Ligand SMILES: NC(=O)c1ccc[n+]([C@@H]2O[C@H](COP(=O)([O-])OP(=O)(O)OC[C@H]3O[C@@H](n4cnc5c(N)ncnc54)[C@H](OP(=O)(O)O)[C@@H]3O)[C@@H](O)[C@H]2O)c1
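Take a look at this single chain in structure tokens; it is the form predicted on its own.
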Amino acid sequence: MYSIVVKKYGSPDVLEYVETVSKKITNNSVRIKVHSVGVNFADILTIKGRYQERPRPPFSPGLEVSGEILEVGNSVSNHKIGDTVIAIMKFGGYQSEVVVPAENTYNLPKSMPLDIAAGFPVTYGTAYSALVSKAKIKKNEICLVLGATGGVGVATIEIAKALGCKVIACGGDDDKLKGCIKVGANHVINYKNNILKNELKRLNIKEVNVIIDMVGGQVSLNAIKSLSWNGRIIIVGFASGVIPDIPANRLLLKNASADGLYWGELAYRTPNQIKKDFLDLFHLYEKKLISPVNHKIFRLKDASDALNYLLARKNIGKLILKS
């Protein structure tokens, strides 16, 4: 088998493509022949040693894979050899073969191609948990998405629209925001060029029910001011690089709540809930209410190029590594 290996923390250029030895399977694990791997910004942070999970070198990055089961452990009853699956891991996906716990492995619908499936778990899983499990969003509510042009943002737009909500997509790139309209956003706001409050007023929107925040920083603080009574802000990430100090009085005055979502850890702690979420998402996919799209596919050996491409923010849609 072959692996992308981090031998020392650094930029994506430190990655090495090397031949490695297959890992032993355990009773509760499955061995997967990796077809494709999803590329995430978290991979870059992991390579730098700056992510929540900080594996010691040498290791392989990678949070999500798709492929075919080659072997199952003695205690595994819900998977069989030949199943096409997706799997979630804390790291280790940038390999041609992985061994992962069976409970973090999920069977795919036949209608979903493996290259699309590889980029599905993190983006759509995160968006679904934020909207449904955390925000408990309801039909006809207004959802404001900060960082809407990223992978999780686009998935959030699609899912919120599928659930019957009105969506305001916010980002810093006009061309990418046009793509948000194509996937269902009712309105778009460029928060780099405009004042959020003024733009909402122009749209005749006084308050929003739910904010899904991938950005943090000042734009997050500005958005909180527009929360409705019983409004909810779900904090998913800090793409701006600035962690905001949320004013508690704003939450108090609107009987509102602020909640955090660390989806990768949630997926490991509550695999049965994540399985239910994926079944709901697969249902939306088969009804064509969500349409995951890959922007570009790289070879596994070219993982450094893929991550540098992601750093340059050139993509609209998912980047994939093909084993």
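Bear in mind that the values here come from a model prediction, so they are computed numbers and not experimental data. Heads up: residue numbers just count along the shown sequence, starting at 1.
Absent from the display: the form predicted together with the named molecule. The rest refers to it.
Enquirer: Scan L227, I168, A87, V152 and let me know which has any heavy atom within 4.5 Å of the named molecule in the model of the complex.
Expert: Contact residue from the list: V152.
Enquirer: Only one of A42, A256, I69, I274 gets a heavy atom within 4.5 Å of the named molecule in the model of the complex. Which one?
Expert: Answer to the contact question: A42.
Enquirer: Report whether the minimum heavy atom distance between T126 and the named molecule in the model of the complex is within 4.5 Å.
Expert: Yes, T126 lies within 4.5 Å of the named molecule in the model of the complex.
Enquirer: Quick one: is F91 in contact with the named molecule in the model of the complex, heavy atoms, 4.5 Å cut-off?
Expert: No, F91 is distant from the partner.
Enquirer: With the cut-off set at 4.5 Å between non-hydrogen atoms, does V188 touch the named molecule in the model of the complex?
Expert: Residue-level check for V188: no, no contact with the named molecule.
Enquirer: Look up in the model of the complex whether S304 has a non-hydrogen atom within 4.5 angstroms of the named molecule, and give yes or no.
Expert: No.
Enquirer: Exactly one stretch in 105 to 113, 246 to 254, 210 to 218, 193 to 201 has heavy atoms within 4.5 Å of the named molecule in the model of the complex; which is it?
Expert: Result for this chain: 210 to 218.
Enquirer: Taking the named molecule as it sits in the model of the complex, which residues of 201 to 239 have a non-hydrogen atom within 4.5 Å of it? Please list them.
Expert: Residues within 4.5 Å: M214, V215, V236, G237, F238, A239.
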